[in-house]
Ligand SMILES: C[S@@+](CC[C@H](N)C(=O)[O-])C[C@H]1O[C@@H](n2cnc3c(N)ncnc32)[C@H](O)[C@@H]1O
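Only one chain is shown below, in structure tokens, and it's the form predicted alone.
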Amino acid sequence: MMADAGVGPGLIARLKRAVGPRVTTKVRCLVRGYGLPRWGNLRRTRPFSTQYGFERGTPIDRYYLHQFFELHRHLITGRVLEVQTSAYTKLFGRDVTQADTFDIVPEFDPTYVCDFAHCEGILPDEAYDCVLLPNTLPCFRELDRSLAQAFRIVRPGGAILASTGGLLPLTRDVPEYWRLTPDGWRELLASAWRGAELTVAEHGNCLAAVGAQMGLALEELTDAELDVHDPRYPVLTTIICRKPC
């Protein structure tokens, strides 16, 4: 609050101490024309869902992930390798001739059971036209080795399509080691995948980020709300790597 004529800074300081910081902040916002929050049932310390909104509908980050795969489905072609299951290969692939999978555990019956960071002799060199790593990179404990392996198994001219969570809750069932900003991923991947054509993009805005943190489903927001782009609030980061021929 600003001092008015006849009202000294000492009196204002005493008033602030008397009413406390919470009321002072509210008055300051009202005087300056700043909006006040209407929390409703958003004023909570537990989210609406601890399962990313799966039980409510579709997790918010999937809105951006599915748009990403739809836009680049022409790259999901030929021989495709996907982490865990071939769900996205089947959903977005075009003219797929072979759909293989890998995982470190056999639960989902992958084609290859292996530690991706040490898959030499298991996954062959330059064998795939496309490698899909949705929301996978943060879970690679040996990230540098895993990035090198992904680059090794893609044929020249092929593509790696990946995504990483940003302003999302951490996973509960597996540890996450790396939550980099989009700029952080650009810096890291430019070094790990030297010579490749690299595109890193962020997706989201403050509403999408709050909804994702609260465990809301994308169906509870509108497309117009989700489509607003604010690089300060990356809900999801998407990555395209085109290996040079």
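Keep in mind it's a predicted model, so treat the numbers as computed, not measured. Start at 1 with the first residue shown and count on from there.
What follows is about the form predicted in complex with the ligand, which we do not show.
A residue is said to contact a partner when one of its heavy atoms sits within 4.5 Å of a partner heavy atom; V83 meets this definition for the ligand in the predicted complex.
Contact annotation: E120 falls outside 4.5 Å of the ligand in the predicted complex, judged by heavy atom distances. At the 4.5 Å threshold, heavy atoms of T89 stay clear of the ligand in the predicted complex, well away from it.
A residue is said to contact a partner when one of its heavy atoms sits within 4.5 Å of a partner heavy atom; D129 fails this definition for the ligand in the predicted complex, lying far away. Residues of just one listed stretch (107 to 115, 149 to 157, 73 to 81, 89 to 97) have heavy atoms within 4.5 Å of the ligand in the predicted complex: 107 to 115. Contact residues in stretch 106 to 143 (any heavy atom within 4.5 Å of the ligand, taken in the predicted complex) are F108, C114, D115, F116, P134, N135, T136, C139, F140.
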